[in-house]
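Shown next as structure tokens: one chain only, the form predicted on its own.
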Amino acid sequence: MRHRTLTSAALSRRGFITVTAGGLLVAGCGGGQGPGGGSEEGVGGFTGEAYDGPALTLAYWNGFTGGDGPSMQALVKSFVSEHDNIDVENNTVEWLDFYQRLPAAAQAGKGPDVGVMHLDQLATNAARSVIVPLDDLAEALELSEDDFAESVWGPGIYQDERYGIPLDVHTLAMYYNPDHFERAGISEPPTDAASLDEACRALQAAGFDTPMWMPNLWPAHLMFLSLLWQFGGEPYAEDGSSATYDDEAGVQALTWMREQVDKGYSPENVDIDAQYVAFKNGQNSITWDGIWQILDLEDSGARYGIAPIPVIGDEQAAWANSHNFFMTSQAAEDEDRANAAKTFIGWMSDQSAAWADAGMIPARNSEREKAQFTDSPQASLGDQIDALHFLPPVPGLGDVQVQTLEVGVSEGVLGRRSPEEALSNQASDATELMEQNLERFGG
């Protein structure tokens, strides 16, 4: 099974839309500080030295259940072999179950000590006091924005404190079938709206009637967000007070998506992941999807090329997310456990180039210079790291997006509403939900 990053679409597809809606809201579990929380050194007083306390076992949770799982397991095994006093119990849980179980498990003291979650989930779990700040760890390890892209480093901060240490970046890419391109006389992957349109017409002339399928559900909203940023828009206010994707940039983005259907490049109603399955089977020529598909394509033996998504708007931009290490309030209550957890996070951050084997882009600039990444298929995307965009750190935003933005994008792609009407209706509803979240999470 291939890895699929958990976004609001994943929650929607599987009938789970209440993760951030309050039913699992955990207030004040562990207090968020732990031993030494009032000291200048932060939670546990971490100094950057490797943990040298009594032997213990860290509970480590992650959602790497797909092709990326073996890469993470290998990293954990290597860590344990180098640390005689730290064992790691690696608990791999489907992302859906992970986010559903984590708050209650942490409150009961039965959750992980350390784990990995998506960047867009940090603020929600920080607001619930499920996870604790890691500013002292970042300072002790001399991790700073200088060794990370600003776009991935900044969203790990919630209310002026850092809650995540980025491991990777995963983004949308354009996959293309090199055999189809050769038959159509296309020598280079398209880079903008004009060359993409030209490529699609050439592919049709070569016998590929619907060369680029446009989904109305997953990953349609990720495509929309990418295009929105390309046209200069923003989906949400940084303070979490309103949805702003119904502006001119949003209308331009959704209009372009629907036009690919009107031009005949795509069938009328493309279901979830249908465009990717068709691409893997050689039924279409171009698809936009996440780089987590690389492992599946490699395993299947499918012929593919990979490149950044074309610049349809005014500037290069693409949606992205990131896996971030976190520490729970449960671990913060024990100084030894907290320092062992931070030793683990620091070591894993230093090894993130090896994580390129999972099809990801290392978040650290220095790690992207290593051969493990530069020799990988996704290395062609490394130069656009500064053009990647992440959702703002707003608690509860994922649930809002399921119920609103994704619905509007689907209605627009299907032609059931005009782009203006689809986005305006949903942005209004989203703003109302976001205002409720500000009250719920104390924003």
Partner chain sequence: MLFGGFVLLPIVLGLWISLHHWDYTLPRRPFVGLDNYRNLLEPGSVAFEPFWNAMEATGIFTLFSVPLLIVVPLVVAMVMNEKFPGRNFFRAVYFAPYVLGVAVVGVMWRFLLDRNIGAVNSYLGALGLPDAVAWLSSLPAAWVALVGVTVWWTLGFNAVIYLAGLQDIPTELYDAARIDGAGRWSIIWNVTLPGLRPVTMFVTIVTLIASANMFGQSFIMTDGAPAQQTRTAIFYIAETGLQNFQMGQAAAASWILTAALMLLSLVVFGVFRARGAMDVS
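Residue numbers count along the first chain shown, from 1. Computed from a predicted structure; not experimentally measured.
We do not show the form predicted together with its partner chain, though everything after this point is about it.
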| item | value |
| --- | --- |
| Residue stretch of 270 to 278, 197 to 205, 169 to 177, 140 to 148 approaching its partner chain in the predicted complex, non-hydrogen atom distance within 4.5 Å | 270 to 278 |
| Among the candidates L391, A59, A387, V407, the residue which, in the predicted complex, approaches its partner chain to within 4.5 Å (heavy atoms) | V407 |
| Interface residue in the predicted complex among Q260, Q107, Q351, T244, criterion: non-hydrogen atom within 4.5 angstroms of its partner chain | Q107 |
| F325 within 4.5 Å of its partner chain in the predicted complex, heavy atoms | no |
| Contact of L75 with its partner chain in the predicted complex (heavy atom, 4.5 Å) | no |
| Non-hydrogen atom contact T92 with its partner chain in the predicted complex at 4.5 angstroms | no |
| 4.5 Å heavy atom contact, R337 to its partner chain in the predicted complex | no |
| All of Y99, R128 and W213 with a heavy atom within 4.5 Å of its partner chain in the predicted complex | yes |
| Those residues of 404 to 420 which, in the predicted complex, come within 4.5 Å of its partner chain by heavy atom | V407, S410, E411, L414, R416 |
